[in-house]
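Taken one at a time, structure 1 and structure 2 that follow are two forms of one protein chain, written as structure tokens.
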Structure 1
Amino acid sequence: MQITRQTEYAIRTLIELSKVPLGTILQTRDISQKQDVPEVFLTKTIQLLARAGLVTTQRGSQGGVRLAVSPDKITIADVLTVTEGRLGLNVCLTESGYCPNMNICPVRRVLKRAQEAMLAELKKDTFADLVADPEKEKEKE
């Protein structure tokens, strides 16, 4: 399994927005340049993030994008859900997935544990954690 380019762009966008005080507007062009993301794709990604309520956009000469949610409330798992949908390592582990052997399949049990472990890991760190000063983080340890 690999994350899509759109998920990667969404993560990069949220990293840039998490570096500035909550409510600060950044222009799409600036995020595009800093994160080396084509502006056309970035615009589509920002639309997804806006529909999910993670960012808000503002039109006009002073327009741009800003976080709608504090970076200490957003995880990579949240971004994956927005861009990829609910995670499912196999069709039998998705909401609509069905397999006639679901109840007796030994592989499903293993994949389910792996999926739960991966989701738990992706929920551990917030975007505030990702952009935190590494020196300050060392002091906390």
Structure 2
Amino acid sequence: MQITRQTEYAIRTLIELSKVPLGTILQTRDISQKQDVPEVFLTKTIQLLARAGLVTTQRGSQGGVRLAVSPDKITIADVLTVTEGRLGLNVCLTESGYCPNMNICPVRRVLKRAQEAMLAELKKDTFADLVADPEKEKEKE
């Protein structure tokens, strides 16, 4: 019932990348140090983000990671669907999940609504919002 640490690492990575001008390359090592995340493990997380098309990685010297899409196009909901292997409050709500009476199960219906409400909320703020100067954010209100 909690997001995994890996999801948290992914969020922090995207936060770091959203703070710098779009297109800027950061090294995994830098991110791991800034955010206090084990470097080798972070590598794997970044690979997930890369396969999902959220970031682009570049090998070789001077390589690293950069955002593949503008921070105002990414939300925490996107991260969840990438890093949380089986998103879904219950098995019957995951892609591969199956339950003989999933069509009539009232519990499933309630859980589904709850999950959708959660994701809808997560979609309201983009990473651009998350890294925005809180003072400036206030001005918008």
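Every residue number counts along structure 1's sequence, beginning with 1. Here the structure is a predicted model, which is why all the values come from computation and not from measurement. Between two forms, the rigid core is defined as the largest C-alpha subset superposing within 1.5 Å.
*Asks:* Where's the form predicted in complex with a further copy of the same chain, in 1 or in 2?
*Replies:* Only structure 2 fits here, because that chain is the form predicted in complex with a further copy of the same chain.
*Asks:* After fitting the rigid core, is the C-alpha of Asn101 off by 2 Å or more between structure 1 and structure 2?
*Replies:* Shift of 2 Å or more: yes.
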